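Next comes just one chain, in structure tokens: the form predicted on its own.
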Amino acid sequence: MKILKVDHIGIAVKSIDEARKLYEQLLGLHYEGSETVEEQKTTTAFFPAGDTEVELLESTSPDGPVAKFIEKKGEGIHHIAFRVENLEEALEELKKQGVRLIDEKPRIGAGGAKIAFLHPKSTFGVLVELCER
């Protein structure tokens, strides 16, 4: 598997509108828009930061994964995403090495990227996303 870069860091927030103030006004990041992914019950706001992005994640439903995360752990870093060269090959390689996968096959995430998550029990408590663009 070849990791090309840290693609983005996902941050779970109760309100994108409230969190935007910090990222735009205090940190000076530029808001590039948002997208709702119905399948994931999430709205994502994009803030480029150099060669990577900060993504603010707001749940669109009380039973969505981001809402459950916030309920359990509070607002904060939700996941780190690594861009890979070939997502299918990366998943197959990790599976052979015994890494527990949340997604056995890629799905489409925000920005049209192919994505798959690794289970935090296999990654020292960190939710890791692999993506291919």
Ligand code: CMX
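Values in this document were obtained by computation on a predicted structure and should not be read as measured data. Residue indices: 1-based, along the sequence shown.
The following text describes the form predicted together with carboxymethyldethia coenzyme *A (CMX), which does not appear among the structures shown.
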Requested in this report: May I ask you to choose, among H30, K105, K73, K96, the residue with a heavy atom within 4.5 Å of carboxymethyldethia coenzyme *A (CMX) in the predicted bound form?
Outcome: K73
Query raised in the report: Just to confirm, H78 within 4.5 Å of carboxymethyldethia coenzyme *A (CMX) in the predicted bound form by heavy atoms?
Result: yes
Query raised in the report: Does K21 make contact with carboxymethyldethia coenzyme *A (CMX) in the predicted bound form, using a 4.5 Å heavy atom cut-off?
Result: no
**Report entry** 4.5 angstroms heavy atom contact with carboxymethyldethia coenzyme *A (CMX) in the predicted bound form for F47
**Finding:** no
Requested in this report: Would you check, heavy atoms only and a 4.5 Å threshold, whether H119 touches carboxymethyldethia coenzyme *A (CMX) in the predicted bound form?
Outcome: yes
**Report entry** Interface residues of 31-57 toward carboxymethyldethia coenzyme *A (CMX), as seen in the predicted bound form [heavy atoms, 4.5 Å]
**Finding:** V37, Q40, T42, T44, E55, L57
